[in-house]
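In structure tokens, one chain follows: the form predicted on its own.
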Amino acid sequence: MRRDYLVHGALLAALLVAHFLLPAYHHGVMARVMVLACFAIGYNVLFGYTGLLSLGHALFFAAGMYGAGMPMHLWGTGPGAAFAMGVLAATLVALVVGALALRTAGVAFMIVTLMFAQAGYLALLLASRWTGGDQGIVIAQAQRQLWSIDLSAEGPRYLAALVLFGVCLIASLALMRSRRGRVLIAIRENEERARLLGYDTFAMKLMAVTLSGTFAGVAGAGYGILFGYVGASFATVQYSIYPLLWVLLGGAGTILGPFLGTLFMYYLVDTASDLTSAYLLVVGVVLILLTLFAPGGIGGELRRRLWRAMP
């Protein structure tokens, strides 16, 4: 366990060093990647470690985003309190959705989560008087001040994103190294056997959905505050598919996989769009090749070739 924490701590240290070395453009990209990687970490808890496929995680991301952005925009709430409100909103939404959706299983669970996410998206559009609808909400720079620190500035924004990512990364590592994390893995491998061993699998899966939604809420609230925009487009189905792709590319069931997948996907789209207007074709071909030749994702290949004990 000590080696695991040292390796993941080394990644955080490297990202801190990158803060002083990266050019302006890549500095901003890396801040965005770290926040979105928190979203992917949450999805990995549910899909990679518990084995539950959700297509409704955009709802939790948007709940965190609007839970933080709307109080700032409507009531002038400070970013610290707004962030806490966003995370709490996402946690409560995930708890309610999980309690209802977990009455189903397999494909039905996937469809039910998708339906909840679409209902949330439509609610944001219908409540456009407060949510801004398609146009969204722009959070003024003056409102993004935490203890006289300007979170809209490049340096503080990067460091804040690093703190969020570091907390989510270490928290997920601690969870998966704990007894409860081992139970989640047991449910993924054989839920019936876990139930026969005396574990309350419904309660454990509800915990996984709630924690996953909380991570997504951290990402959503952080994204809205750090980048100054909250919009209904973040509640669309594509933002439920993105974390699935990031986790699959990076390696489902690995702690580092969500970050690796998010980083790879972001730069793949960025590079391909510079080369051709048909960048989605390039992205599709690369994803197919990666799926064929590295089905375990980047993290899975690292585990297979370099570090078999990789968590």
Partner chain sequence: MEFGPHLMLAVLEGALQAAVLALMASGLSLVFGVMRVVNVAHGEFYMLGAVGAWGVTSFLGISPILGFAAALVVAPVLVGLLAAAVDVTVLKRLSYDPERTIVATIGLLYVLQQATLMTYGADARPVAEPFSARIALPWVEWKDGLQLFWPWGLYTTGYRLFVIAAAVAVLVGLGLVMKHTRLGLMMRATQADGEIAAAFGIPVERVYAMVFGLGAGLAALAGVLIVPITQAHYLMGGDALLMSFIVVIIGGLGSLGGTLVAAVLIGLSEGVISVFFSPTLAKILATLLVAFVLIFRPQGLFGKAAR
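If you superpose the two forms and keep the largest set of C-alpha atoms that fall within 1.5 Å, you have the rigid core. Everything numeric in this text was worked out from a predicted model, so none of it was measured. Positions refer to the first chain, counted from 1.
Beyond the structure shown, there is the form predicted together with the partner chain, which is absent from this document and is the topic of what follows.
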Query - the partner chain contact at L248 in the predicted complex, heavy atom, 4.5 Å - result: yes
Query - Partner contact for G80 in the predicted complex: the partner chain, 4.5 angstroms, heavy atom - result: no
**Report entry** Proximity of L126 to the partner chain in the predicted complex, heavy atoms at 4.5 Å
**Finding:** yes
Query raised in the report: Quick one: does V283 come within 4.5 Å of the partner chain in the predicted complex, counting heavy atoms only?
Result: yes
Report task. Tell me whether V17, P156 and V163, taken together, all sit within 4.5 Å of the partner chain in the predicted complex, counting heavy atoms only. Result -> no
**Report entry** Options 166 to 174, 212 to 220, 236 to 244, 86 to 94; stretch whose heavy atom lies within 4.5 Å of the partner chain in the predicted complex
**Finding:** 236 to 244
Report summary line: Contact check, 181 to 201 vs the partner chain in the predicted complex, heavy atom within 4.5 Å, ordered by sequence, gives none
**Report entry** Y279 C-alpha moves between this form and the one not shown by 2 Å or more, core aligned
**Finding:** yes
